[in-house]
Ligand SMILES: Nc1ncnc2c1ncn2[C@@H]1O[C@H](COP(=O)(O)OP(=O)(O)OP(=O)(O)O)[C@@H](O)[C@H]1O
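Heads up, the chain below is alone and in the form predicted alone; it's given as structure tokens.
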Amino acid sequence: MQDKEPTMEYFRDENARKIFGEVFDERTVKAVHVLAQKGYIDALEFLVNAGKEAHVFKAVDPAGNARAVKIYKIQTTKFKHMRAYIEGDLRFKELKKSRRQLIYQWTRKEFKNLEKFTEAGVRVPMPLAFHENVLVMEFIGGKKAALPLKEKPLNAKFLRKRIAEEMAKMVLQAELVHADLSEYNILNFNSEPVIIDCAQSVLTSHPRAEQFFKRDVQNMANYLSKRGQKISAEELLAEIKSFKGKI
């Protein structure tokens, strides 16, 4: 691994290599190389998800452990969208002006949020490392990636209790609001929910934290109701608050 140059040799899947080459610039290839040199990546196996803002690949490290590598796109990521979630965050007082630097800041923000969630006992992918616009995390899945609730629902009664507990841990223990919680950002892994896509998560001290939290609660109440667990946002909020003395 130490002798490899920052080329496309890290890819085992030809289709993933082609997609990477079409979407990412030379600097991103070098960022992958830096993380590979540090032992976090040995090979990128295949594309898991191609999103508007980032692509996620399944990778392995030198020991053969599965890893998720999330790479934010420099040119097509919604610049204004990111600023709304960084402005007002005391951890990022100096808001970067250039697109590239802001995206690097966004990647760091997701890493830090995942760290705080993990420390609080929230089930999220464990963060391992980041460099510029590349983030390495625990891979959620087996041979294939775990599917989101939108594609593979959990038992709604079970999810109702678990998601209330996880949201309580987020706010009370991690002191963060997810700010984009929905059936698209929760994976079903071994019949347990795993919360993903945490870059936009904000501190509870953020000026728009309450607004984002209410939106998360409403999103989950709507989803649970569609799945047969009729519940209002107010009722779900009460269930979240009921965990205050238990976590």
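These numbers were taken from a predicted model, which means no experiment stands behind them. Position 1 is the first residue in the sequence shown; the rest follow in order.
Omitted from view is the form predicted together with the ligand, to which the following refers.
- Heavy atoms within 4.5 Å of the ligand in the model of the complex are found in exactly one of 35-43, 209-217, 22-30, 48-56, that being 48-56.
- In the model of the complex, no heavy atom of Val171 sits within 4.5 Å of the ligand.
- Interface membership of Ala179, defined by any non-hydrogen atom within 4.5 Å of the ligand in the model of the complex, is ruled out.
- Looking at Val202, you'd find every heavy atom of it more than 4.5 angstroms from the ligand in the model of the complex.
- Residue contact with the ligand in the model of the complex: Glu138 places a heavy atom within 4.5 Å of it.
- Within 4.5 Å of the ligand in the model of the complex, a heavy atom is found for every one of Lys70, Asn185 and Ile196.
- Exactly one listed residue, out of Ala145, Ile74, Ala156, Leu102, brings a non-hydrogen atom to within 4.5 Å of the ligand in the model of the complex: Ala145.
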